[in-house]
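To begin, one chain is listed below as structure tokens, in the form predicted on its own.
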């Protein structure tokens, strides 16, 4: 019986000879071997960006080659194929669709299609279906005032905390700090996470689900210079006034009351603080948000210590 590594090498040999036939009109230096990359879940990834002369590849020839290859990969026990297509090679998408490939996701310069070739229903994970919005409740503990804005493009002029969408690879606190600065000109530092709102079929998220997080920030500057393209108004407002105001959104009103409670009774009663830990994947880290643990719980090494 052939091992997985041997099977993959055999696949690569077949692919090399296959591409030689498909691109027979090209010189040998133009023939690129498309090597499938195996993942740890039993799938194979094909990157059409490896082709050196895609304009010389006939879609019909690609279709015949894929048909033969799919039979080979299914026989070898692979479960799925991920086909990555650069935007300038989009003409091959229809060819893949004829063989049963379906869109998984698309980015600015490429599309990824998938084909489940194992028995039973597909177990491939769906692409991310949530967008993440983050707002910063910037509270000056010396004056008891909080930073609020009114959006320029809203039909109702309601006070809210400045914020926006998180960018790929950006931490929650970093998004809040960045958005506050871009909208108001106020510099701040992340202190804690206050709330998470979950909403499905969100019109502003193309009908997908939306997560909206509000963070507590501490200001390090105070002179407002707000973005007039995004904001109609921006000001420091008494926290107690915001908590009682009817000119706010429901979430702003509730978080203002939560902030007021923390301001008067201690932020330890409302804060979800952040700690960083190493992930199980080598070299990666993650952020964990939770209520602060007492020191003797943080440092305990054995349950018998308690």
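Positions refer to the first chain, counted from 1. Treat the numbers as computed from the prediction; the structure is a model and nothing was measured.
A second form of this protein, the form predicted in complex with another copy of the chain, is not displayed here; the remarks below concern that form.
- In summary, among the residues 220, 225, 122, 199, the only one with a non-hydrogen atom within 4.5 Å of another copy of the chain in the predicted bound form is 199.
- Residues placing heavy atoms within 4.5 Å of another copy of the chain in the predicted bound form fall in a single listed stretch, namely 206-214, out of 67-75, 142-150, 184-192, 206-214.
- Mapping the unseen interface onto this chain, residue 80 falls outside it, with no heavy atom inside 4.5 Å of another copy of the chain in the predicted bound form.
- In the predicted bound form, no heavy atom of residue 157 sits within 4.5 Å of another copy of the chain.
- In the predicted bound form, no heavy atom of residue 49 sits within 4.5 Å of another copy of the chain.
- Heavy atoms of residue 264 reach within 4.5 Å of another copy of the chain in the predicted bound form, making it an interface residue.
- Taking a 4.5 Å heavy atom cutoff to another copy of the chain in the predicted bound form, the contacting residues in 124-148 are 125, 126, 127, 128, 129, 130, 131, 132.
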